[in-house]
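Coming up are structure 1 and structure 2: the same protein chain in two forms, each one given alone as structure tokens.
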Structure 1
Amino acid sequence: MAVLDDNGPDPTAERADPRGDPFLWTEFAIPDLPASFVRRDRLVRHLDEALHTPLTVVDGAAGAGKTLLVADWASACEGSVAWLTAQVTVKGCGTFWAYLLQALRRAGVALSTGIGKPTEADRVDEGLLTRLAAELSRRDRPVILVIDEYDRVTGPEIADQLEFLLRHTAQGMRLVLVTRTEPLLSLHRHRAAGAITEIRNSELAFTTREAADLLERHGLSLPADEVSALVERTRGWAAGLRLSALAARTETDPRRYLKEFEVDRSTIADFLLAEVLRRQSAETQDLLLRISILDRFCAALADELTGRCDAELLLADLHRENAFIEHLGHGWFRLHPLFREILRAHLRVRSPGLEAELHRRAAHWMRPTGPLAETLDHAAAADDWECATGALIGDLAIGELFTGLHAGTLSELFSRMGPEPRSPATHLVRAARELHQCHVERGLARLEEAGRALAGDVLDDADPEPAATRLTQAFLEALAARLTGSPGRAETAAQAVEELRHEVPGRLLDEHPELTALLSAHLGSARLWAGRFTEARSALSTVAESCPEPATAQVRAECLGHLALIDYLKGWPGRAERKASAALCTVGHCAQSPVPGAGLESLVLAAVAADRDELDRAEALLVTAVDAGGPSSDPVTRAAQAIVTGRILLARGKTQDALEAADRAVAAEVPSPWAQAHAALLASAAHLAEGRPDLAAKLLEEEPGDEPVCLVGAAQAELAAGRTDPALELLDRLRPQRGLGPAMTVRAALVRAQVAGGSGDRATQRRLVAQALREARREGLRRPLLDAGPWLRPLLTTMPLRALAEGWLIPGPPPSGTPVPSAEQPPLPMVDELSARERDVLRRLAEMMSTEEIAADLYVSVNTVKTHLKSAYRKLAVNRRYDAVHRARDLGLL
């Protein structure tokens, strides 16, 4: 401690205060700086402004470093600096002024004896203040008067007297108040006049760089991220940093200590308990202990926890006193994290069992209008699962268990729910968790329990609104229908959701877009399973074409994966690849949570790679898909996985393994036509490869309907068996079907070409082979040509067929400008997906219809057609009708 003798000449003859007690010279001493002190230039520069304003207030919490900051600054100031620690204010205003006069004299301020001195401890003559102000106002150079611990001035008398002195000293004095609370002065007037310098608690907080310097001075060198974490935990509180650093020095592993130290067992706890908590009244201490369970709080919530109605006043006082309470705005506060930890520890010791009750009260207070996440946290902490599940369902947030940024957190939270709660809401949440984890049987059982509970339920206060509960039930029914392969059940559930959504607040649906998106995904997947591709595309496109947002990003990726599969099944590998790539890109940018259709986009890419005879890449993508999907119960994904696996094995020549893959039945309530057809085609191709064409043909004959892949496969088998006419008859059944992609038309053209060659019609054969080559080259489809048989190879050595095959199918330079897909080549250029209506317009444009004719044909206005055209032009990067049609055909969009 620096004795004031260093600041000026010898003290005067005054040696005692009005009570006759000797002056305590320590009250006049500028505190010494510890060896570990860190000079913070940004704050010193701010303090320099005190030289130009009559009043300066350094206002911060206990241990914020304000006294050392001002001491460091004052020690370096030129001229007279008087220091007074205001502990003497408790001895009366007369004593305070006697000490203040003595501080000025010890700072070298020449005060005349005519000023006088206080003669009573509890009062001071107004004339003394007037004479003092007059003398100070005549100074050429202002004296700097620092009053530390000014927060001890709790009465208005001394504050009024200081205000008087401040007002009448003009340029003769610079008053610096160091305080924990806002001083009882007319600060608003000084602020309005620009006559005050203020440094608040937030500015006193250590930055990461300053904290690193402080730790270095304690012999601790930490990485930047660990320093940042410590600053975050202490909020840059100087005493917290210094005390934790001192404690860490005695530990064998200081870095670990600074990461994990228990606050309530440290010197920090001693400091905060002594300097903050125990200074408060019993009511305020009770309030602080109770609100320590909250991340944030307002007066009404605090009243709910205390059962009183005085929180608003107490919180305002605590904030004004810098009692480690931060104002967040709009009436909300939060505790300093270290202080909160200590309070919670003391709450558990002082009132065992009260913490759970406080969490329960907080959850029920928040549930009507509060944040869902906080409501759930408090309800879970109180083990009040009826409240937690009721809040989740009442908020229509059940979809957040499946997707979005909070899926993992919510899943972990509800994993703690035991079997005891038996309300409809708890049954529904259990069902959601089981279905989410693909435990279909258990999920269905929970749904049935929920249904029974709802059928005879008498709702109590913990239950959510009936419409929200039934809508949640219908949503889960849609998911269950998807996982069990039951399209009819999915349609019924979707219809129920559609009817119930008008009975719930629209605000909730707007706040939870993931619910609607998931429902469309489940419905689209169920329709896809049923082979209703157009209807499936309609449901899936509503999500895939929606605005990207974090809550639905994963569902969008899933829907894009399903749309890609539809394109692949229709024979359009290029389209499928673009959608699957977009889905993969979307998945890569969002937080992943396991979903029923995970990995489907990689399966589609693997299938496309197999059709292009890029088998290594196909196998790698298959592994990626399996890793992403895990043990999926989604029938669509499982069927796709079986098909792709079989295709790759077949291309590798492992026909028996391919047969086993084809024989893997996918359990579902309703069989899927395309899954059955592709499994049969796979088995047929395996038998055909092993020289059993009759068995191959028979397998496909048993398939119902006219699945295009089966017709083409059956034609290949019939032709291999030497039955030409049945083969052509099967191919003729393809003609009425529209929208078949090159993956099918190429194979069909090759079968016809083989038939034509067998009948001696070489011209037709070459024309059909040329047609197949052109379509296959555009998509990079090598596998249909490699599977066609030995008759094709000699033809490919002749012109002009050779020119069409060179560089991508057979060795040789590729024709100029011909794209050659390969694993190393960059992916095909992406374009925004055309909507169904835009494709309708483009198809009619390709038929040379005018705008008016298209409008009449589609029953829309001419302006609507123009809008669709404009959007399609933008997506295709063209400006003219001809170019749009040409571009769309090149991309396989028509």
Structure 2
Amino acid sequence: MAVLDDNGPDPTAERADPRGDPFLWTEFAIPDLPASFVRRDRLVRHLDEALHTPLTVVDGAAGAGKTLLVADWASACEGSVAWLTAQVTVKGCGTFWAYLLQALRRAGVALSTGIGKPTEADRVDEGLLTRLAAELSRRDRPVILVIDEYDRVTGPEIADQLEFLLRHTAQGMRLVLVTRTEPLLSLHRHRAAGAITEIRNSELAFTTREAADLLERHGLSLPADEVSALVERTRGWAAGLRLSALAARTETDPRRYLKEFEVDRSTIADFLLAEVLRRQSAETQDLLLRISILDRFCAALADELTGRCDAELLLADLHRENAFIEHLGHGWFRLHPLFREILRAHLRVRSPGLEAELHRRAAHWMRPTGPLAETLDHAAAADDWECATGALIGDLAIGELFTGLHAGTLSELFSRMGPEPRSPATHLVRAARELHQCHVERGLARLEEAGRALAGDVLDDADPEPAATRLTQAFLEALAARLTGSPGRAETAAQAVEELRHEVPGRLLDEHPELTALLSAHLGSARLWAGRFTEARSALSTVAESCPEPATAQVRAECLGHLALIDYLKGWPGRAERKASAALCTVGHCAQSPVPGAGLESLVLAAVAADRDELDRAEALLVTAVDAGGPSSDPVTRAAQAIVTGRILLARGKTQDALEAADRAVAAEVPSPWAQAHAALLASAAHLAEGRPDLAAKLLEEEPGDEPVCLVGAAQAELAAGRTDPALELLDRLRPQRGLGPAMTVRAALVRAQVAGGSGDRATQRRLVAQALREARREGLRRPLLDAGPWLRPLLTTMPLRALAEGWLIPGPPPSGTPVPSAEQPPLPMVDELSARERDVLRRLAEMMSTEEIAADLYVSVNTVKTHLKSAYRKLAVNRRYDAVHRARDLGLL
């Protein structure tokens, strides 16, 4: 893992959004005030109270003058003011918090990089909020955080998260919400505590004096009674007053006009807007109607929509008149939201069908330079899927469909694409969506179609980014190869990507770290499937050790999960556990969008728990993993799931079920050596447990001879069949293998010990058992020792082996450092000491074995077991199995 450098500037700090959207800053800009703005002192005084209450709500109808009021107040405020226009919240709470952090940083709030960033669009982890609250609460001067258009926040989770932040920031933050509708915060509680400043619609209404002021600024001076009639008609609504003034200004007799309007009963905004629009030149009207499809616009974009070249002048005029548009700075404008809505309604009526065409033009204009998200929105609104997919692929943003903050939004956007568009790019995006949902068959078919379309399209100049298209194709090939388990194909695809890399602009690759990361993950996973662990590790660790960025967090976790599996397969449970836990921390425990390797880290943890004989924990983890991974995922994950399931079943003594689990072969193009070996081992162990050593040995004979797990397993089977020499030969073949972990060496040492014991060499046997115990103890590996057979138990009661086993494998007077049965609880009286045999029976009882299973395990008859049980019950003064196990545990006998 890369270490965060606290001293240097964080290179990604300026990019709240992993793509570095060039329009971002408009969401953070405090809006400009128009020349006709009237400062209303009573409201400013009321708003000043916001400095003393944690929460302020400015709540009023559209066009009530909320935003301008707060903007005016905020720009006059001393100290840091963070402004956020909440448009982004529609894209999920992860995006919202990414923007909010950025707004704070822009306002000069020094936040440490350790706070982290949301990595997914729809989710933010609680730790981030806690860290943010902690940093904010340490401030001596509160930061004023204004969220405009808060009514767009419709999901309850953002409200909950803001409430959490409010509760825990103390004096460090003043939250000002500007909204059309009451926010979903528990306002009553804040009201009861006097911890809220509220400015509502009625207070925002203009008084007669303020209205006279406003009209004067538009060059209209009217007698007081006429103004008050107008205020009554418009109910002091700021937008209504402004429109009245604009409509009346060009009249020869504005006073009569306003009088007439008073008696008219049409809806104000609609009537007035129609009036105001009528007074504009035909060009201006046309311009206004056409730009109503845009969130923001500049002169060049407006020209593109009108097909003329007069937008610059017209916009400047409109802005000077304060008619409809606000200046955002840098030559960009936006329409007043209220007017924009009505203009769009007019556009639809006046020129039906033009809207789609305008969206199409906007999309094509934005495509080469503009922000991808807006280009895609417009292209989708125009149903121009060639343009949308072309923009996505030309920008090399295909990886964003799979991971990062935009994955959900993008996937939803492209779900609206019908089957008609047939360009290579549309096929590629369809393939990506199918593969993302692990519909491998359908994804492959789409990919083939794309390949055919590309082959026929070589000389087509219409595709501006042929290299990007081919790179995307190769990338999807790699994913398809991984999902089908064909390592060779994955290597070819990765090779193709490497070659194409130099043909696309380097800027694009820098902007999309997720693409490279995903590719390494796919390649690593395919190599892991092929059993080429070293090469797999090198591909996976480049991602796992890369700089933590939101765009790649999910992929990093996936790679860590795979690395953990490699460690596990090599027999290193401790290392595997550490990596898997790190992977879990990276993504958090919450539900994530399904990725091919999801849940692998939980599977590895389950496998480690099973090796440590923590079966309940292992089962719980297995369930988590299955839930996270969904029904289908990559073959590596499916094979791991089969292995872990089988191991747990075996440990539970359900041999028949374990046999079935081993039988469930994972379909793939190329078989995986380790997956096969483990499946064979499971089957062999199941047969061995049922007393069929010959069959068990035979199963493993057919396996490729160099898989360590198979060698150990085969040795165990041979030994059980009474053939010691072949068993030792098998173990000798293990020796040259390097990097084998304790999970293998412990099992091997135990087989050798059993052989030595069989030939009467007690000293060697004890030495080997001691070696196995030492290695197993470090990793907490109980399963291999429990599986070793009945010969081991008597040995463990003698020193020094007993000292090595006590405290983790067998009970007894525990060595210092482990929890001692507390002295406050006097041991319950015991009628008589249990015999060693009775303890053996009890121990098996605690493992939920049936009487028959215990008999088989101890090589005695069922009746003998029953006799032992009866006397154990008598000694423990109980008469049920359940009570016997509990009593024995209480007494420290198990």
Partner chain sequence: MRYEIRVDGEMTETLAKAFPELDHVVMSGCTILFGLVVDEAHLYGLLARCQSFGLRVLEMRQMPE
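For numbering, take structure 1's sequence and count from 1. All of these numbers come straight from a predicted model, not from anything done at the bench. Rigid core here is just the name for the largest C-alpha set that superposes within 1.5 Å across the two forms.
**Message:** Quick check on the two chains I just loaded: which one is the form predicted together with its partner chain, 1 or 2?
**Reply:** Looking at both, the form predicted together with its partner chain is number 2.
**Request:** Return yes or no for residue 536: a CA shift of at least 2 Å between structures 1 and 2, with the rigid core superposed?
**Result:** The answer is no, as the C-alpha of residue 536 shifts between structures 1 and 2 by less than 2 Å after core alignment.
**Message:** How about residue 126 - superposed on the rigid core, does its CA move between structures 1 and 2 by 2 Å or more?
**Reply:** Yes, because once the rigid core is superposed, the C-alpha of residue 126 moves 2 Å or more between structures 1 and 2.
**Request:** Superpose on the rigid core, then tell me if the C-alpha of residue 496 is displaced by 2 angstroms or more between structures 1 and 2.
**Result:** No: residue 496 shifts by under 2 Å between structures 1 and 2.
**Inter-form CA displacement between structures 1 and 2 at residue 349 - rigid core frame, Å** = C-alpha shift for residue 349: 3.2 Å.
**Request:** Could you tell me how many Å the Cα atom of residue 277 shifts between structures 1 and 2 when the rigid core is held superposed?
**Result:** Once the two forms are fitted on their core, the shift reads 6.1 Å.
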